[in-house]
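Just the one chain here, the form predicted alone, laid out as structure tokens.
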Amino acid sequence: MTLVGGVETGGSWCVCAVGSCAGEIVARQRLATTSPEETLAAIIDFFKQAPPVARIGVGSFGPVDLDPRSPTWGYVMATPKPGWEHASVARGLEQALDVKVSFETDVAAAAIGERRWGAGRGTGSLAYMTVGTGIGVGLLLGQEPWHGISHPEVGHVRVPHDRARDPFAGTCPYHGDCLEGLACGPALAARWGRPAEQLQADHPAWELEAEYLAAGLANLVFTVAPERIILGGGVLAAPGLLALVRARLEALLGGYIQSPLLAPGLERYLVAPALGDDAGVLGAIALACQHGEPENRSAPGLTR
């Protein structure tokens, strides 16, 4: 059985795994995200001790450079994560482990995993939004994640911000009250004085959170029109939040787009991840499998 590796790097934790292209994980480890040097050394050590792999897929927090023609391909770019700006992730792993690395954003990798094994199966286009330390979106349009001048940064779109209702200035160091600045986990904690997991189910935070997330998702539906949206991340663990977002998104769409995919209630359109907390690392494994499969090896611009 051919094995591949998967790495999900997050702002707080990284997950490394070895598995098969059938989705079976045979080895895994969770590591704290500290400095780039310490974290990458721990990832390298994991793979040196694990069963050998044919390729490694990496789903990284960003922003990241995904252009294989760029000298900084595989780097983390202008991130607010202290110490990680211009950290070389993919190239460092390739050099240390002598194996090809496929590199994507963490959310795009999760989208790939969910379409291969989870809630995105059968879709031709898929969006995966995660709401946690930040807000990110991976877009699958066809077989590959969508890239333009960069990967999508839907977390930084502008959404309506009624300052009379919500005077909070936002936490984004670049844009203040963009979607991420208003609705990510740290924004909830800063606005309400305690982390999201400590807010009661009837707290007014959740109606406001649903409003912001639905506004961001409505922009996504009207511009990209994906066949399905998966909404995950730590903030979505709040009981009832997904249902609130569905109801508000349906109201914002206003019946304008006529599609059987948008059945009343949006329960089959806006869904939770089927792979749960494993979406990211399984997606990284799926990314390695996808780029190692013969039909993809000669596709220009898609692999390294």
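This is a predicted model, so every value here is computed, not measured. All residue numbers refer to positions in the sequence shown, first residue = 1.
Quick note: we don't show the form predicted in complex with another copy of the chain, though the next part is all about it.
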Answer with yes or no whether residue 269 is in contact with another copy of the chain in the model of the complex, where contact means some heavy atom within 4.5 Å.
yes
Indicate whether another copy of the chain has at least one heavy atom within 4.5 Å of a heavy atom of residue 35 in the model of the complex.
no
Evaluate residue 84 for contact with another copy of the chain in the model of the complex, applying a 4.5 angstroms cut-off between non-hydrogen atoms, and reply yes or no.
no
Residue 49, heavy atom within 4.5 angstroms of another copy of the chain in the model of the complex
no
Residue stretch of 102-110, 136-144, 89-97, 200-208 approaching another copy of the chain in the model of the complex, non-hydrogen atom distance within 4.5 Å
136-144
Looking at 71, 160, 193, 122 here, can you tell me which has any non-hydrogen atom within 4.5 angstroms of another copy of the chain in the model of the complex?
160
Contact check, 206-227 vs another copy of the chain in the model of the complex, heavy atom within 4.5 Å, ordered by sequence, gives 219, 220, 222, 223, 224, 225, 226, 227
